[in-house]
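The form predicted on its own is given below as one chain in structure tokens.
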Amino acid sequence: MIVRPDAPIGVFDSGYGGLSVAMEILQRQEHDNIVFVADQAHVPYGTRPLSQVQGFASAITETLAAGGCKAVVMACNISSATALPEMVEQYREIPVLGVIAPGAESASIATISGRVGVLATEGTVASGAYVRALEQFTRVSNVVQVACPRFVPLVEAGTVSGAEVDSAVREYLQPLKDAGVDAVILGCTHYPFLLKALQKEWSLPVYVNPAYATVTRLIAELGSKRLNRSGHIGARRHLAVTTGDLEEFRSGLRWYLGDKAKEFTVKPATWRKGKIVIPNLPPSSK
């Protein structure tokens, strides 16, 4: 497997949530191109059987790696919980990263009391992945998880404020308030888009966005494999694809990314016999 420093970075999620990771890459890896995959035909992943999510995540990772991506980021907590170990083993030549371990490490540093809260999808909570990750740190003495099934549909609809959001935020934060946590992991990449509403309801804890720590780890791993790109490259050539409605996706990218959306070519992707077909994966350029 030949990997080039000028190859793109693959990022995927079930929907728009993974853009919270993509945005970190856009801001911090100014020389790199991105292939962003939103598997909106299957959104949300968090309510699906874990084995099914593992299949989706593995298939997308395999397609991105085969398409020449120099790294793949599972910008989705439930994908990280189910598919990451196998994919890391399968693709040793490139960094394959999830968001759970970096998020857990950040929370272990942020907490003073040792009590950490996790807001996540039903699937991520059921997997116990954050509990296992946090138990590795002696600073963490108690982990309280709350499943938030209302959050992803709200973010996918572009609703990040208002009465409906406030109601959901109040409901899901109450158990964490009762437990006295002082650090809260946003355990789904959709949730950073609700940060203002969360802080308005409860400003006390440190809200940990795993996206920053994940991209920090990505940069380090690219460096260790000598895959960081440098020098003048001209205009960026990002690709964003969806397995859902193409026009809605275009509109969503503009809403979430603003002017950065102009840097993306937008295409449809399709599932065929358990494999995802991604058109026009950008070839490495000289």
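Since the model is a prediction, treat every value here as computed from it, not as a measurement. Counting begins at 1, following the sequence as shown.
The discussion below concerns the form predicted in complex with a small molecule, not included here.
*Asks:* Can you work out which of Val152, Ala133, Val215, Leu97 has a heavy atom no more than 4.5 Å from the small molecule in the model of the complex?
*Replies:* Of the candidates Val152, Ala133, Val215, Leu97, Val152 is the one lying within 4.5 Å of the small molecule in the model of the complex.
*Asks:* Within 4.5 Å, heavy atoms only, one stretch in 83 to 91, 160 to 168, 188 to 196, 108 to 116 touches the small molecule in the model of the complex. Which?
*Replies:* Among the candidates, contact is made by 188 to 196.
*Asks:* Under a 4.5 Å heavy atom criterion, is Phe36 part of the interface with the small molecule in the model of the complex?
*Replies:* Phe36 lies outside the contact set for the small molecule.
*Asks:* Report yes if any heavy atom of Ile78 sits within 4.5 Å of a heavy atom of the small molecule in the model of the complex; otherwise report no.
*Replies:* Although the small molecule is absent here, Ile78 would touch it in the model of the complex, with heavy atoms inside 4.5 Å.
*Asks:* Is Gly252 near the small molecule? Define near as a heavy atom within 4.5 Å, in the model of the complex.
*Replies:* Heavy-atom contact with the small molecule at 4.5 Å: absent for Gly252.
*Asks:* Contact between Leu239 and the small molecule in the model of the complex at 4.5 Å, heavy atoms?
*Replies:* Because no heavy atom of Leu239 falls inside 4.5 Å of the small molecule in the model of the complex, the answer is no.
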